[in-house]
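Consider the single chain below, provided in structure tokens and representing the form predicted on its own.
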């Protein structure tokens, strides 16, 4: 899932992905550890017993096994219904997981709008639907087991009758009949044990198909990582240029975002992207990060020192630092968050990045400083503080390209201006791209592009 193409993966709800990753994989793992060994054991036992009976009396062996094809044929339609029901159960389980995840993520909003009663009703409705599906699956499982068990009983009594007839006719002795009946009992019990594996096999097959849906998606390739690292080292001193030419992109649903557009940004520049919400500012940044793939056009990076050109691919993400919209801090300490992008960063480097992002002014007053804990989704900090921490984390990475997607939206105008001036005055040869709705930001930028009519139009 981590290396799957993002756009394809976003067709699935996060709750569905979590269910496939945890429940479905666990179902398959448990099947490998228990169901598969039992299947082998019972099958070997069944075949070895059948061979022994067949060796002494072929007719007795055939009568002992005659019920198997009858039982399988009888329950064939029922097994298909079980597979369909189990698939629906898995889908409903994923839906409930997604519902629960969204509920916990938006608990404050639910409480603020007094929607607790509504959410309880929705959850109970899904739980009842899930229960009905599970009951249907269990009912089908019991019926299938009952049919095959009854067939086994009929075969057992048939073996008794045939054994008595063979003794009465003098074909076998009473002792031989006793051995045959004992072996026939082993055959029947082993067959019943195999029957009990059927519901589990249905669950495993459904889970396997659900995981294969993800497995068969297109994956990102990171085969050029070393080449990009070399490109970075050779051009670190003079920075890296971005050049997009004749670029066109549309979502998988068919909605066109860009059509034959051009864009460029150079080291030591701060370039602004403006335009109405939904016109494609964030989409352009995702194209730069190769999270999305353009259908046509040229997207390259050019080294400021060597002039070498490489195309934008997943491996080139190591050249970027990215601050997306919203709160992107992880639970843990401030230092742990910072070191998630640069594992060997010293305390001094972290503090320097915090100072540039104007975050040190509140971090230094915390009881534990950079060791102060951050709660889930940045709990314990305001939106503006969380944004400054996220920017500090991006600066710490020292990437040649910095992308800020509405990253200062929660800051007041004075703080925003001071922060962007700090970034612009940094001597590091950084190419900085900022998406914004604020006109005050534009005075700090070297060039401004406006996204309109599916193109990037240079304004200044």
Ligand SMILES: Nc1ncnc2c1ncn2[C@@H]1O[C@H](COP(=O)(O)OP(=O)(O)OP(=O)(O)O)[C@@H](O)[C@H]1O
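Residue numbers count along the first chain shown, from 1. Just so it is clear, the model here is predicted, and its values are computed rather than measured.
Beyond what is shown, the protein has a form predicted together with the named molecule; the following relates to that form.
- Residues with any non-hydrogen atom within 4.5 angstroms of the named molecule in the model of the complex fall in just one of 276 to 284, 370 to 378, 225 to 233, 259 to 267: 276 to 284.
- Taking the partner from the other structure, the named molecule in the model of the complex has no heavy atom within 4.5 Å of any heavy atom of residue 426.
- Looking at residue 325, you'd find a heavy atom of it within 4.5 angstroms of the named molecule in the model of the complex.
- Using a 4.5 angstroms threshold between heavy atoms, residue 251 counts as touching the named molecule in the model of the complex.
- Interface residue remark: residue 10 is counted as part of the site for the named molecule in the model of the complex, having a heavy atom within 4.5 Å.
- Taking the named molecule as positioned in the model of the complex, the only residue of 420 to 444 that brings a heavy atom within 4.5 Å of it is 437.
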